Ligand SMILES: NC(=O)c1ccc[n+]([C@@H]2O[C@H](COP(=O)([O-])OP(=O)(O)OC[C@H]3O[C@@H](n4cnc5c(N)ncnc54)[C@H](O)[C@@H]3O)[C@@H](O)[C@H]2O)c1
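Encoded as structure tokens, the following chain is the form predicted alone, with no partner shown.
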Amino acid sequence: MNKLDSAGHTIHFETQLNPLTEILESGKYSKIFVFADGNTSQFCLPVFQEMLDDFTGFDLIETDPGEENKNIDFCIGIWKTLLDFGADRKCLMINLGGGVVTDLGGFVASTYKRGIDFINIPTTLLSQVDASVGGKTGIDIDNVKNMVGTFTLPKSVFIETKFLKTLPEREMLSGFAEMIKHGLIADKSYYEELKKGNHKEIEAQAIYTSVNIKNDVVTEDPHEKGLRKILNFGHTIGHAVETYSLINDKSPLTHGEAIAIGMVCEGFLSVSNNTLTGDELEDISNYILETYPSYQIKKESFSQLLEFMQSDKKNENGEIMFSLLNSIGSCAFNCRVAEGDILASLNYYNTLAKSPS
């Protein structure tokens, strides 16, 4: 379980960053930069340095934490910082943080002087099982997620569960939603194992299984022309709910909380538009509602949610496209769904949610 080959680079598991030491001592790079946000700089950077025998041979570039900062203005600031530090095309950027850091840092690295090498060290469960694999980089535009980006592979990825000990329970739960998704779209037995486990104590083997599932998909379809779209199950509605919450809620939903809602809604659509059974939908809905806090989707937000879905990058010819389950463990993509069914799915979730509006 120490490594996984992925489209020309290696994903290392539980190596205490030993292979990274060899890279840093190789003399290949003119400068080393570590890109982190305020949280990972405080909590994860000391762990990173401890594993590298108190390594200090880098310049730190720090950004503010949060999805709202994954935008072009912050990119410009980081590009300018790299220029100020004299970064040339032979430097290396190490992205140390969650999905915002790896998405943003990867985009900055892939575009600075037409591309410099970067390494991802994801420090949240969400980034380890999701953003760490597949080579997607990106930023948000006008609150629409990942509208500008590239497909650029890191030189290496290092997954260390030691970083997870720095996380609050809510962040663990956020990442766990993507693990549930992996089971639902590709591996029923894995989904059943997750149901027996505890999201507060994720084992390294479960993370490896999730990464392996995603890696198999993106290796077959690296640029999201077909099969890779199944990874978007729960995300068409989930991203819309997440965006609405980010704009309107005092305490916005995490990515995983929004995707959990999306999986319930798109599970409903999988029954009405695909071959998922009612019993399977009940199983999925009960498990997710037992695991995640309820959230009432305000009826007055429905039209705005549809607008957000219309901006989804997976759409074709003005139609909202979904990835829907054939059954637990099997998923179809490029599914067209009527607007009335989408609204019905939101109402379905609300009937299950217990929190007051």
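Just so you know, these numbers come straight off a predicted model, no measurement behind them. Numbers for residues come from their place in the sequence shown, where the first is 1.
A second form of this protein, the form predicted in complex with this ligand, is not displayed here; the remarks below concern that form.
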Exercise. Thinking of this ligand in the model of the complex, which stretch from 24 to 32, 63 to 71, 319 to 327, 301 to 309 has heavy atoms inside 4.5 Å of it?
Worked result: 63 to 71
Problem set entry | Touches this ligand in the model of the complex: Phe43 (any heavy atom, 4.5 Å) | yes
Problem set entry | 4.5 angstroms heavy atom contact with this ligand in the model of the complex for Ser127 | yes
For this session: Would you please decide whether Lys229 lies within 4.5 angstroms of this ligand in the model of the complex, comparing each non-hydrogen atom pair?
Result: no
Exercise. Can any non-hydrogen atom of His199 be found within 4.5 angstroms of this ligand in the model of the complex?
Worked result: no
Exercise. Ok, Met179, Ala258, Val264, Val133: which has a heavy atom sitting within 4.5 Å of this ligand in the model of the complex?
Worked result: Val133
Exercise. Which listed residue (Gly238, Gly98, Pro154, Gly105) meets the criterion of a heavy atom within 4.5 Å of this ligand in the model of the complex?
Worked result: Gly98
Exercise. Across 138 to 171, which residues bring a heavy atom to within 4.5 Å of this ligand in the model of the complex?
Worked result: Lys145, Asn146, Phe163, Thr166, Leu167, Pro168, Glu171
